[in-house]
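In structure tokens, the next block holds one chain alone, the form predicted alone.
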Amino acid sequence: MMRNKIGVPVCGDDFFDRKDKTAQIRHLLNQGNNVLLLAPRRVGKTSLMRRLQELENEHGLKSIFVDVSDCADERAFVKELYKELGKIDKSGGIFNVLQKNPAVNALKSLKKVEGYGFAIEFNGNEAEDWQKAAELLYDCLDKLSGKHLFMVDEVPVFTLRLSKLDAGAQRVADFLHWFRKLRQNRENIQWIAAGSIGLDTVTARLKLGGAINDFAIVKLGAFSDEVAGEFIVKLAESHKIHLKPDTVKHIVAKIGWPMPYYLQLVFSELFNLFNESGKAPDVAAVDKSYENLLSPSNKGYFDHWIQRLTDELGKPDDLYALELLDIAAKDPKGVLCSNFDMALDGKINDADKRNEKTQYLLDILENDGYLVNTEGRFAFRSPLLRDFWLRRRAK
């Protein structure tokens, strides 16, 4: 039975399809490549990584998964890596390395945890040079026996946040070059770095493309219409609901951009209607479910799209991005890039800087799943998100 888990990573029987991407990534890993997995948010990137973790563990490849989306700085990033290393150091090899290295003084405490590995506590001084602890990781990774896969989620989000701090550009450069060195010359360790915002976009703006050129890039998109229909049918069967083919087709067409999250949202509303009426949902029920999703009581499903811009871009870029999205929402066919540039006229007086900022923000919004560029016109990628935007945001 496949459960309808909304907004959280899924695994096991709840994971659906993605066989082609799973095979592509596993082939790249088997060839000795590191992988940069890029996908718009809510497409199922983290679920795919968890699925890969399941498969690799089944084949004897040890793996760790780290989510760095909430890491405030380099020190927090390094701390997350240590935390996961501690869980897999059952033999104590890494623990012994840390004990013998004088640089361990950069840490507050190091202790062995029976049946677990080790645990590290960092000093409370947030301004302390993160590289002292980071340098220790080189020796730690060298002591790992057997093949390992390190999966680090939301690296681009972390990098973008880092760029907004004091001396941000230099900090990003130092961090990315350290992270690249960490990936080098260790044939028993491979990496998947993943994110919604394009790391290539962030590094290109800072002229740091060389820091990520060891990655093979894999892009993950929404389901095809055919797979989306199969997904809905399987959900319905798991919940003992019979959907006619025209109803399934209408669900997919109504959503427009059939990523798992939106399919799950609509199905959840359909299931509620089914429980109320006892009747199999039809096309009219699909339309009603769609409208229910856009009601004020369900705005929590979409408000994160607005808050995320502030969290990731900071001011004033978040306000610029919101203005560009307000403009794009007004026309279902989208608008030309020149319209966006004019929208920032008066806010950024220098024409070259204004154009550069516009292009940068459009790249971010496209990579992050807000907009899509079709023949030079930028439109909302998701009709459902656009309808929400028109009702809650656009003037």
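Predicted model, so just to flag it, every value in this text is computed and none were measured. When you see a residue number, it is the position in the sequence shown, counting from 1.
We do not show the form predicted in complex with a small molecule, though everything after this point is about it.
- Shown without its partner, this chain lists T358, T46, N34, S63 as candidates; in the predicted bound form, only T46 has a non-hydrogen atom within 4.5 angstroms of the small molecule.
- Shown without its partner, this chain lists Y261, F122, F274, F118 as candidates; in the predicted bound form, only Y261 has a non-hydrogen atom within 4.5 angstroms of the small molecule.
- The closest non-hydrogen atom of P9 lies within 4.5 Å of the small molecule in the predicted bound form.
- The small molecule in the predicted bound form is not approached by D387, whose heavy atoms all lie more than 4.5 angstroms from it.
- The small molecule is not shown here, and in the predicted bound form it never comes within 4.5 Å of any heavy atom of R354.
- The small molecule is not shown here, and in the predicted bound form it never comes within 4.5 Å of any heavy atom of R392.
- Three-residue candidate spot D73, R180 and F215; no residue lies within 4.5 angstroms of the small molecule in the predicted bound form by any non-hydrogen atom.
- Segments offered: 289-297, 253-261, 315-323, 203-211. Contacting the small molecule in the predicted bound form at heavy atom distances within 4.5 Å is 253-261.
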